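First, one chain by itself: the form predicted on its own, in structure tokens.
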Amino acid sequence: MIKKSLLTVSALLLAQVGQAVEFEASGYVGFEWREYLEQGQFNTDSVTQADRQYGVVLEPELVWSLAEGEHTIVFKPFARVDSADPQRTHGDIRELSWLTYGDDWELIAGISKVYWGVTESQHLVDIVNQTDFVESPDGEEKLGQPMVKLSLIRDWGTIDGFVLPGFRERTFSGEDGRFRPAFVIEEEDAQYEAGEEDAHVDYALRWSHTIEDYDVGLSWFNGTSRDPLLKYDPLMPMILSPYYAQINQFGVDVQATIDSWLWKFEAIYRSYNDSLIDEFDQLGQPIEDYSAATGGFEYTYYAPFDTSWDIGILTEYQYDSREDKRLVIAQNDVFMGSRIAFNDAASSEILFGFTQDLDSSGTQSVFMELSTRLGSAVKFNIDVFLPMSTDSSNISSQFKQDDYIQLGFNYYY
């Protein structure tokens, strides 16, 4: 799939020979240091989970603009070298796409990234791109996805249609890495419901529109689930295999901007094939069709106490119809946090939050993200993540000793 995308881009470049081509190169190179506050809970005589990780990250972005902007080609590779976890040393093509447009349409072909959703604490409707879990355990980082996307822009809304040829498997931490369950996940043993496996063609459709103060989106996805089921084989103890099922998912996202309030809501309904439900029932690993929702608000105080700051207060509730805490993290949880923009020359910002499981008083998590610029080209980040759980039946307890503080320096050019 990547080779086909390279050939497509090459052909487009050759087709434009003789026309004016504008080229721009940007991106960043970074260094990160992550220190864990506790020893890994799955250490054994043969396995030692890292107490610290450091690494180098590289993400350039190359942009060609052709025919006075009517065609744009973007190439954005990504690479990380990690000191402790070989599974976290990896590369990806985040984008390798061609974009063209008309008066009321837009076409993107190649490898690209798409974001859907409005809520802060989790992104239920965001399903097109696969999660790059080794980059970020909160699911914020995504892998590039092969796609053809056609957008039709009308007075009654925008329709985005997707053909997604090819599937990206989720990345997982290795045996010596952090944020891994008690059983090792063997990515190489991935299984698929579709006979075409990772060559299955998926489809997605989304309508979005702004109606007065409301931004509304309705979405549909049919194809290979980006969230793998973890299949246990009694003949292979201590090993889990990712299983990628075929799903239908319907989603809705709404954001209302009313004075200083942002009201946010996302919900999905996901269904599986009946034959797969029966198969997993027989294995003693029941699955079910389910619904999930996240909703809440963000209220911003502008320049309080005669400062230049903007202080936002965030609150969201997370619901999932599946009640098994061994499988679902956010089935009955509340999130509260704050976002502070200091509006200074260094563009300093801080976001912090707290999530509490309402079914388990001993299960919560705390995070903080701080960023500021050092000069005109260097960005400094501090990230803190503290997952906590005293309930061994809760899936969060798998990560209860993975608290970390991370420092990052990124040089932008």
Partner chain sequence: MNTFTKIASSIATTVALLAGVSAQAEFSIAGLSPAEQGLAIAKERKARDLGWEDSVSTVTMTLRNSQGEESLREMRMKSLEVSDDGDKGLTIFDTPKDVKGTAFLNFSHVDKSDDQWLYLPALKRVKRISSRNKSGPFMGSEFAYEDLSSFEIEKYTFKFLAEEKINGIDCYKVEQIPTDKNSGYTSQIAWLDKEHFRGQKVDFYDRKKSLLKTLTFSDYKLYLNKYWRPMQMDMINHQTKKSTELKTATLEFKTGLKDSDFNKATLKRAR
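Note that the structure is predicted; figures quoted are calculated from it, not measured. Residue numbers count along the first chain shown, from 1.
Keep in mind that the form predicted together with the partner chain is not shown, yet the notes after this line are about it.
K.L.:
Under a 4.5 angstroms heavy atom criterion, identify the one residue in Ile239, Ile287, Ala190, Ile153 near the partner chain in the model of the complex.
P.N.:
Contact with the partner chain in the model of the complex is made by Ile153 alone.
K.L.:
Which one of Val57, Ile382, Val63, Ala50 is close to the partner chain in the model of the complex, taking close to mean a heavy atom within 4.5 Å?
P.N.:
Residue within 4.5 Å of the partner: Val63.
K.L.:
Between the partner chain and Trp33, Phe42 and Phe352, in the model of the complex, does every residue show a non-hydrogen atom at 4.5 Å or closer?
P.N.:
No: none of Trp33, Phe42 and Phe352 comes within 4.5 Å of the partner chain in the model of the complex.
K.L.:
Is the gap between Thr119 and the partner chain in the model of the complex 4.5 Å or less for some heavy atom pair?
P.N.:
Residue-level check for Thr119: yes, a contact with the partner chain.
K.L.:
I'd like to check something about Leu37: if you look in the model of the complex, is any of its heavy atoms closer than or equal to 4.5 Å to a heavy atom of the partner chain?
P.N.:
Because no heavy atom of Leu37 falls inside 4.5 Å of the partner chain in the model of the complex, the answer is no.
K.L.:
So, Ser275 and the partner chain: in the model of the complex, are they within 4.5 Å at any heavy atom pair?
P.N.:
Looking in the model of the complex, residue contacts with the partner chain do not include Ser275, since no heavy atom lies within 4.5 Å.
K.L.:
Within 4.5 Å, heavy atoms only: does Ala67 come near the partner chain in the model of the complex?
P.N.:
The answer is no: Ala67 has no heavy atom within 4.5 Å of the partner chain.
K.L.:
Just one of 197-205, 95-103, 329-337, 178-186 has residues with a heavy atom within 4.5 Å of the partner chain in the model of the complex, so point it out.
P.N.:
Contact-bearing stretch, as computed: 95-103.
K.L.:
Residue by residue through 246-262, which ones have a non-hydrogen atom no more than 4.5 angstroms from the partner chain in the model of the complex?
P.N.:
Sequence-ordered list: Gln255, Thr257, Asp259, Ser260, Leu262.
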